[in-house]
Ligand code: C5P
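In the block that follows, a single chain appears as structure tokens, in the form predicted on its own.
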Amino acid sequence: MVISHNLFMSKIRDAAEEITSTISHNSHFLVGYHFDADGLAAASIITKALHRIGATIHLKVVKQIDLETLENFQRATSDAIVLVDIGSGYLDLINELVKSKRMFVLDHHQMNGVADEIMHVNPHLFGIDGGKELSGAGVAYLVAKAMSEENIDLSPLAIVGSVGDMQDKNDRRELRGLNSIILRDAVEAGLLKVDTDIVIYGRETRPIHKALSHTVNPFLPGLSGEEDNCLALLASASIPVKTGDRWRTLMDLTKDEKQRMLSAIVDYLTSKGFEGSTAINLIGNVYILLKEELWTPTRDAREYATLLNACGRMGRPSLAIALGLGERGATLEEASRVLSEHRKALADYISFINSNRKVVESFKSMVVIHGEDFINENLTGAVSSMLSSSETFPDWCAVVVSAKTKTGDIKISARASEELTRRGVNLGSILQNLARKYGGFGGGHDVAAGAQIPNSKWKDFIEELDCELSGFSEKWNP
């Protein structure tokens, strides 16, 4: 593994040198980025690094790589294109259509095709799992750091991208692999602090009951989205929610109060017929950005990632980039308003799904949430993540959420449990291959992936997807 890491870091240095050389020739850069938290953090990092050495830059959000997108790249006035957090699954297509530009793909998703003339940086090329050990923002940061040590100050943003990509989804909720190298950079530079604590959204900024009700990873049935139930739970554990007229936050709780809160959550889940062990997933590492102001959502890496993701998913990616580049004040206030809209939309979707089970179609190895008539295509990933972590469906069952795109295609996001991936399921590879077979495109990671396919092929597609997955789940669930 040490050899793999060394080879990968050599590739990082090669990319940094080529980018720097391209800038020295007065090239105009187009930065294309994916619109989730990881992609937005990656775009902010590489944009900052390019700007610091005098590059002329234009940014463009890229929802998917298709013929139209690449033809637009080809016509763009830029001389060089940098794709961050997207591109590795479409190398053959990029090779074919973008020939007159200098192309850089800085990605961590599973690959398809050969890079040819593209400078392609991806940990998977060196046997390093990009789904668990390095995010897209992490790749962008390592390249930026190789361009200049000054860019170490961007390391906290890479951590934001990593937790936004759920790369801490393991038994200890910690960042591992190459992510830990970036984490060390941030800690040694005095930019970030790591603590072990209860991991809930708004731990520094929200009243305890609101923070608990906003927790969706893990999803807590009966508590996530239910403020009144959270208030009642805290009262049952004899935890005051106010000090005088001021609402208390998680940071105000004593160690004993935190322990009582966890015990109360376990008892509550058990009483409702759910696994109390879900509460164990609330314990993990928290990442505090020390240069950010106290009591603001950009001080906690997960809250920061949630802000970026909400802006991207709600059609405001430029707002997220502005945050990533350091704007605060009115920009942060606007991002917080967008986050509230995002949370309300997700809560409405989950409520609708729970009360309208006709939109849930069960197959042998998966459930499909048919959101074609009511889910925003940009929010399928968030809905699938929430449902897959909610224990609404069994572990042997993959969760697929669909929506209709503006062009009439079907967009899907799929999630597999850790147990399914241990049994060999690789959603990224399966969706990549199947989508191409049916005239679409897809890809991602083993545990989380997406695809877009023509509406006319939707029925055949999901039937074959079920067949592909059933071989892994039948032995588990005979």
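Just so it is clear, the structure is predicted and the values come from calculations on it, not from any experiment. Each residue number is its position in the shown sequence, starting from 1.
Although it is not shown, the form predicted in complex with the named molecule is what the next lines describe.
In the predicted bound form, the named molecule lies farther than 4.5 Å from every heavy atom of K60.
Remark: H445 counts among the residues lining the named molecule in the predicted bound form, judged by a heavy atom distance of 4.5 Å or less. Taking the partner from elsewhere, T47 is found to have every heavy atom lying beyond 4.5 Å of the named molecule in the predicted bound form. Proximity of A451 to the named molecule in the predicted bound form falls within the 4.5 Å heavy atom cutoff. Only one of 184-192, 240-248, 277-285, 163-171 places residue heavy atoms within 4.5 angstroms of the named molecule in the predicted bound form, namely 163-171. Of the candidates N229, N112, S224, S385, S385 is the one whose heavy atoms come within 4.5 Å of the named molecule in the predicted bound form; the others do not. Only one of the listed residues (G177, P218, G381, G202) places a non-hydrogen atom within 4.5 angstroms of the named molecule in the predicted bound form, and that residue is G381.
Residues of 74-102 that come within 4.5 Å of the named molecule in the predicted bound form, judged by any heavy atom, are D85, Y90 in sequence order.
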